[in-house]
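The chain below stands alone and is given in structure tokens; this is the form predicted on its own.
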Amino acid sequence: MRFENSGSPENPATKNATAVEVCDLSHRYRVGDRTVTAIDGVNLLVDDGEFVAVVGPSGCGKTTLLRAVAGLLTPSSGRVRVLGKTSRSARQDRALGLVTQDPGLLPWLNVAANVQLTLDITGRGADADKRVSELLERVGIGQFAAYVPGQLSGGMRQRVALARALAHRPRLLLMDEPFGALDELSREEMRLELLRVWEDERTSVVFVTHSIREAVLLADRVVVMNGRPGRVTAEVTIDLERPRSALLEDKPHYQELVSRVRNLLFAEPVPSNASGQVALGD
């Protein structure tokens, strides 16, 4: 199975081929006088240029896993390598892009300035106007460059967030339920927009979602997490042709893949560990 550890991150060939390597990762929090276990013994590999979706029920630690990959928390045990480095080093090298459910746009800056801010922070502001204009056109909101976030719909704000995350050309894009707050029509539009942008950029992606259908439509591989504490319990290779469109959802093979992931997701849950620790919601 691909989520088992294979190869050492010290091997240069592995560095070139692997965007993310998570080995036997566990993380515990202290909440009052309790120890709260979010994930336990998680293993995951993501190849360079691969789009991997992570699905699982609420409380299985998907966001904790993503935060560890992003270098936003130090795991209790185990190892994370991102682009051949520690996750914190990769973040400091500006190799990561992050998109969450909250676009996090600065309300006093217009759309173009919000996207350019990433270039300014990362020191990659050369030809910034051209890069910003190109990205806004690519995500379909070039005509709204002068608008401020308060003048945009939720879907449009997420397009700005995606453009901002891609502005500095990250090698790895981490996405945590980025479309979760959108209505269904906007969510479908953003799925297709993300597919189109990914085809152009070919950035490695780890995409956390509760939607099985969304995961199958977008990903090269779907990783299933289950249990409390959370563990990777299965994965499904998505052998659908690319480029993809919403028309795939009517195809029998797409529906078969959705059913396969659903069956794995709702299989008998992994029991909690013997210490009686509880799992933290994701």
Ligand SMILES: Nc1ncnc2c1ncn2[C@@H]1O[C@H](COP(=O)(O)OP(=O)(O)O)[C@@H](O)[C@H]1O
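In this text, residue numbers run from 1 along the sequence as written. Just so you know, these numbers come straight off a predicted model, no measurement behind them.
The protein also exists as the form predicted in complex with the named molecule; that form is not presented, and the subsequent description refers to it.
**Student:** Since only the chain is shown here, I'm wondering whether residue 247 would be in contact with the named molecule in the model of the complex (any heavy atom pair within 4.5 Å).
**Tutor:** Because no heavy atom of residue 247 falls inside 4.5 Å of the named molecule in the model of the complex, the answer is no.
**Student:** Does residue 240 make contact with the named molecule in the model of the complex, using a 4.5 Å heavy atom cut-off?
**Tutor:** Looking in the model of the complex, residue contacts with the named molecule do not include residue 240, since no heavy atom lies within 4.5 Å.
**Student:** Would residue 226 count as touching the named molecule in the model of the complex under a 4.5 Å heavy atom rule?
**Tutor:** No, residue 226 sits far enough from the named molecule in the model of the complex that none of its heavy atoms falls within 4.5 Å.
**Student:** Is residue 63 close to the named molecule in the model of the complex, meaning a heavy atom pair under 4.5 Å apart or at it?
**Tutor:** Within the cut-off, so yes.
**Student:** Could you tell me which stretch in 35-43, 251-259, 213-221, 231-239 has residues with non-hydrogen atoms within 4.5 Å of the named molecule in the model of the complex?
**Tutor:** It is the stretch 35-43.
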